[in-house]
Ligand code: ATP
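The chain below stands alone and is given as structure tokens, in the form predicted alone.
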Amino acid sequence: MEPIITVNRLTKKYGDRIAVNDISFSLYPGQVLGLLGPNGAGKTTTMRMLMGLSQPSSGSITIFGHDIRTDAKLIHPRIGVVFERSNLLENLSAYQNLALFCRLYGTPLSEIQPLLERMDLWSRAQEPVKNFSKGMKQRLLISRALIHRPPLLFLDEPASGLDPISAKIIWDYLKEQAAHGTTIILTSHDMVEVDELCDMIGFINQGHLITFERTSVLKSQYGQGTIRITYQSEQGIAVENLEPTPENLQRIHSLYAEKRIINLRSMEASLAEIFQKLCES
């Protein structure tokens, strides 16, 4: 399988300051990358270069087999972008906002209703966007970015500050897109959102990509890799940390069958714990 995006030794300098320092990675169809790091680490600069909004000082970015420096016109129609700040046309309706982008991309207007229905916005489709809540606007922004079915999507804080219902609608839809092969790159400070969506983590600190790994691998690497069970024993309440061996899993199953399990949880690290440890390294 060919990568959707390949980054090779990407560097960005502003005078003597190095904002992004020699980073490399590849992403494949259907992968969802969470680009994380503390404020000022280089995430936004990296995203702007990936989208073709800022030129690298050195290194290369290849998207769909094309160089972002020379072939941006071949790349841009095949990507979707949602910025952190809303740039919707507030005096137009939701339907009109999407219809404008349908015409720009040559997408049939018949695509609008199913998408607004999926985002729970169809009942308000003819209302001016200025009357929408923040969650509704964010759902419309994502709808607009996906109206032309791009194979690559860039998201900046996609569900930041949203109510749980809006966040779940967005997360569920993005997971559906990834399952159908859409590659997604997002930045977020919400570790619950990252855990919900991302199967890959890229952690940037002081311009360096210090970690690029599968989320599941990081959780095991920074956690204990065990299962903690709290159960009723003959002597009272017992707590054990067990390796996930077939024998131990069978024992847990037996305790469940006997209704003796009180609590069961994985001892893998949370993304918040991983974030903190990477910031300290």
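When you see a residue number, it is the position in the sequence shown, counting from 1. Quantities reported herein were computed from a predicted structural model and do not represent experimental measurements.
The discussion below concerns the form predicted in complex with the named molecule, not included here.
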Tell me the stretch among 25 to 33, 214 to 222, 39 to 47, 243 to 251 that has any heavy atom within 4.5 angstroms of the named molecule in the predicted bound form. 39 to 47
Contact of Ala19 with the named molecule in the predicted bound form (heavy atom, 4.5 Å): yes
Any non-hydrogen atom of Lys168 within 4.5 angstroms of the named molecule in the predicted bound form: no
Would you please decide whether His189 lies within 4.5 angstroms of the named molecule in the predicted bound form, comparing each non-hydrogen atom pair? yes
